[in-house]
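Read the single chain below, which is given as C-alpha cells and is the form predicted alone.
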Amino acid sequence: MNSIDICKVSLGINSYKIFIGKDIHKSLTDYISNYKNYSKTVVISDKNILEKNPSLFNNYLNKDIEFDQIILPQGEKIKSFKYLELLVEKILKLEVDRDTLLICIGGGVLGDLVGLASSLILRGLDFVQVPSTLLAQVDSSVGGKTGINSKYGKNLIGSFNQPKSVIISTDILKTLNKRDVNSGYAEILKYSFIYDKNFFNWLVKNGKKVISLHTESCVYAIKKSCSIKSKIVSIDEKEKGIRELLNFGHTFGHAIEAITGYKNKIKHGEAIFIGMHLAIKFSSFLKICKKDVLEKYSSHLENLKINYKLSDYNIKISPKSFLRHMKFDKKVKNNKIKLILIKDIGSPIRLFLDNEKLLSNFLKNELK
C-alpha cells in the first residue's frame, strides 16, 4: 500500500474509514474490507470520467477482478427520478443479489444518486465512494447523505445511507478544470468558518497551493475537512442538531441553484461562496457577527481570484423569488427558516428566523 492518511466516521455498526492519499487508486480493493466476500461488483461512473481518463477502470480495479460497469451522463440533471429509475433498472438487469457491491467513481452528483439507489435496491446494497472531484472528496462523499432534486429545491428527496468506505486519491484532481477545483475549495473554506479558526489562518497562507493542487497541501486540506465533518457526523448522523452547521451558506446557495435551474451557469461551490458571503453579511446585518469577519472572507477570496458575489456571475434574482426558494429548504420548520450564521470565524450559530421581514429587507438591499 502507498502512504495514506485515515479518518474514521464513528457510527457504531455503520462506522467506516476514509482513506486519503496520492495514487492509492492503484490498489483500490485494499481499502474495501472483506472485498472477496462480495458475489458481484458493479462500478458506476459518468462519461466525463471516461473521457478524461479512459484507462480509469483498469487503473482503479485490479486486473484479475471481474466487474460490470454502468456509465451515466454527467451533470446535475441526473439527480432526478428519471435517472434514479434508469440506474436502478440497469443494476437489477445485471441480476444482482444482496451480496453485490456498488462502487461509485465520480463527483458528488453521481455519488448522491448511487448512494440513494444502493439504499433502495433489494432494500440495501453495500456501496463504496471513490470521489473524483475536490468538492466530493471533502464533502458529499462523507456523511451518508444521498438524494435527488425536486422542482421545489435541491436534495429534497433522499435518505441517509453510509458507504462502506471512502477512497480519496488526489491524483485524479489533475483532470479537473479551474472552476471545479475552486468549487471544491468552497466547502474547505466552510469547514474553517464553522469549526476551526486556525484552519482558516492556514488557508490564508496555503489556499493558493490548495487550488493549484499542490499534493501535500491538498492532502492536508482534504484530511482536515474530512476530519471535521467526520466528528460532526459521528455526533449527529441524521442532522437533528450540530450537523446542521454543515449547511453554512447552503440555504442561500441552494436557493440560487434552484432559481438558475441547476445549470452550468453556476456550480454548487460557486453558489456556496455566494451563500456564505450572504450569510456573513446577514449575520452582520443582525449585529451578530464581528465586523472584521466579512472583510477577512472577502479579502481571502479576492486574493485567490475567486468570485463570491451574484453580480460576478451575471445573475439577477428578485428578493421575492429568493425568499420563496429559501422557504423550500429542508431546515424550514413550522414555516420558519433556520439559518446557520456566524459570530466569528470558527463560531457559528443556528438561528430560527421569527421575523421574516428582516430577511426580506436584507435581500431587497442586497439584490438591488
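Only a predicted model underlies this, so the values are computations on that prediction, with no experimental measurement involved. Heads up: residue numbers just count along the shown sequence, starting at 1.
In what follows, reference is made to the form predicted together with a small molecule, a form of this protein that is not presented.
- No member of the trio 271, 275 and 366 reaches the small molecule in the predicted bound form with any non-hydrogen atom inside 4.5 Å.
- Of the candidate stretches 292 to 300, 91 to 99, 218 to 226, 131 to 139, only 131 to 139 contains residues with a heavy atom within 4.5 Å of the small molecule in the predicted bound form.
- Of the heavy atoms in residue 84, none are within 4.5 Å of the small molecule in the predicted bound form.
- Residue contact with the small molecule in the predicted bound form: residue 49 places a heavy atom within 4.5 Å of it.
- Under a 4.5 angstroms non-hydrogen atom cutoff, the small molecule in the predicted bound form lacks residue 249 among its neighbouring residues.
- In the predicted bound form, no heavy atom of residue 280 sits within 4.5 Å of the small molecule.
- Think of it this way: in the predicted bound form, the small molecule has a heavy atom of just one of 232, 255, 109, 194 within 4.5 Å, and the residue is 109.
- Contact with the small molecule in the predicted bound form, defined as a heavy atom within 4.5 Å, holds for exactly one of 176, 121, 288, 156, namely 176.
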